[in-house]
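Next comes just one chain, in structure tokens: the form predicted alone.
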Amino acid sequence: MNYDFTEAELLFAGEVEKAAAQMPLAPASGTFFSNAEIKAALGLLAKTPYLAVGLDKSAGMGAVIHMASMESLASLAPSMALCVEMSTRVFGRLLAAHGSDVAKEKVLKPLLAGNLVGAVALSEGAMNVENDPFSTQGLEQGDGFSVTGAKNWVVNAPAADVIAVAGRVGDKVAFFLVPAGAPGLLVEAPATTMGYEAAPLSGLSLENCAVPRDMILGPFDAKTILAEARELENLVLLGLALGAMKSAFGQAKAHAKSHKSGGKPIIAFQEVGFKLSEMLTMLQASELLAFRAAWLAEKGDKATADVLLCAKVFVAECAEKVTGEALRILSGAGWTGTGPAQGAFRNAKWSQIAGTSTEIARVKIGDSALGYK
């Protein structure tokens, strides 16, 4: 793996960072980002190759520079980064890999232009989809399918133009592309969350919702397609966790240099200096492991699944440690302020519990990488 970025990749990363700096941290009105606000952010990114990475080979940018750019996006505009990545990198990549020509023309094309917000509805009774089978199912009806079921914890659901709903078709799994406002689709009000507070997340239900055959991805072998969807989601969660660490560490370091105790900056005290050193070590190690996981995934290497799970555990748990230590360094400024470290600490937990949770990841690492099975 080459850790050096080319001049073109560095230029790309700089363009993404400039776009991220223009994105709002909170909605202009209300509590959650609206469809229009998410599209405005997508429009900024559409001026760069960012939205096409992993969806269109003409983007010319690889997975490693994308992970680094996602880290910057998540550090500057965390809630918007979650909205953007779940739409583009999870919904978009499933569509790019498995969509019909009609679906790609109607959905993928505007997605790449920044004119469409997508969502993926996986979880049902529990966030875990590895052990709990879907109750949502599609039944053949005319020239398409009738879909009935319910989903929980769907990022972007209240703001999405199209939702890819995972459901059973016999003993297989398909993704049904359901447009907002479709008859039979009911999207719940956004949930109040501990982190990523501005990102709209909710449950939804479907009752005999008609979906044309050319707007269906699959059906596929359940184990294979769910592993693919979780891989895409876990890669996004790595980038978000890196962003949380980067923003929290940056604020803590700046505070340690400017805040004085006993007439000298607190960074001069060993206790603070050592703590910052440990935080930076965890951030640097997390970046390398996340970059490696992204690189392997792009290559389609057989080691991807194991390395990605290792990265998920290490990076997600380092994010909680780094952001927590940042608040200790900030002391009262972190407790009473509204700076990035406070939000990053709340956001960090999502990377642990979403996608493949760190607990389930450990089980899978034991089963696969350590040869328990």
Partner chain sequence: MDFEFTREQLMFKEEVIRFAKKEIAPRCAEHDLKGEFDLESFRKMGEFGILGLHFPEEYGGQGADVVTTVMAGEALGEAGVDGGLTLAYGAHTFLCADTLFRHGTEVQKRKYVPKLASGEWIGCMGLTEPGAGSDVASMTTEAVKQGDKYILNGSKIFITNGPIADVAVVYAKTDPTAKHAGISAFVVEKGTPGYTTGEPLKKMGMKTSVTSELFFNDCEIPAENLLGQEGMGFLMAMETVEWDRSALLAPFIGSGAFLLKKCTDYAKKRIQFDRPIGKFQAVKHRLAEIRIMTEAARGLVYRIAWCKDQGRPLNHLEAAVAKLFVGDWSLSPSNDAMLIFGGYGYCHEYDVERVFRDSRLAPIGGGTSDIQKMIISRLM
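Keep in mind it's a predicted model, so treat the numbers as computed, not measured. Numbering follows the first chain given and starts at 1.
Same protein, other form: the form predicted in complex with its partner chain, not shown, and the subject of what follows.
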Students should find that, of R213, K109, K260, K299, the residue having a non-hydrogen atom no more than 4.5 angstroms from its partner chain in the predicted complex is K299
Which listed residue (W295, F134, F220, W153) meets the criterion of a heavy atom within 4.5 Å of its partner chain in the predicted complex?
-> W295
4.5 Å heavy atom contact with its partner chain in the predicted complex for all of N35, A41 and V102 = no
Of the candidate stretches 44 to 52, 308 to 316, 24 to 32, 341 to 349, the one with residues having heavy atoms within 4.5 Å of its partner chain in the predicted complex is 308 to 316
Look up in the predicted complex whether E17 has a non-hydrogen atom within 4.5 angstroms of its partner chain, and give yes or no.
-> no
Should Y196 be counted as a contact of its partner chain in the predicted complex, where contact means heavy atoms within 4.5 Å?
-> no
In the predicted complex, D4 touching its partner chain (heavy atom, 4.5 Å) = yes
Taking the shortest heavy atom distance, is L289 within 4.5 Å of its partner chain in the predicted complex?
-> yes
Heavy atom within 4.5 Å of its partner chain in the predicted complex: which residues of 264 to 293 qualify?
-> I267, Q270, G273, F274, L276, S277, E278, L280, T281, M282, Q284, A285, L288, L289, F291, R292
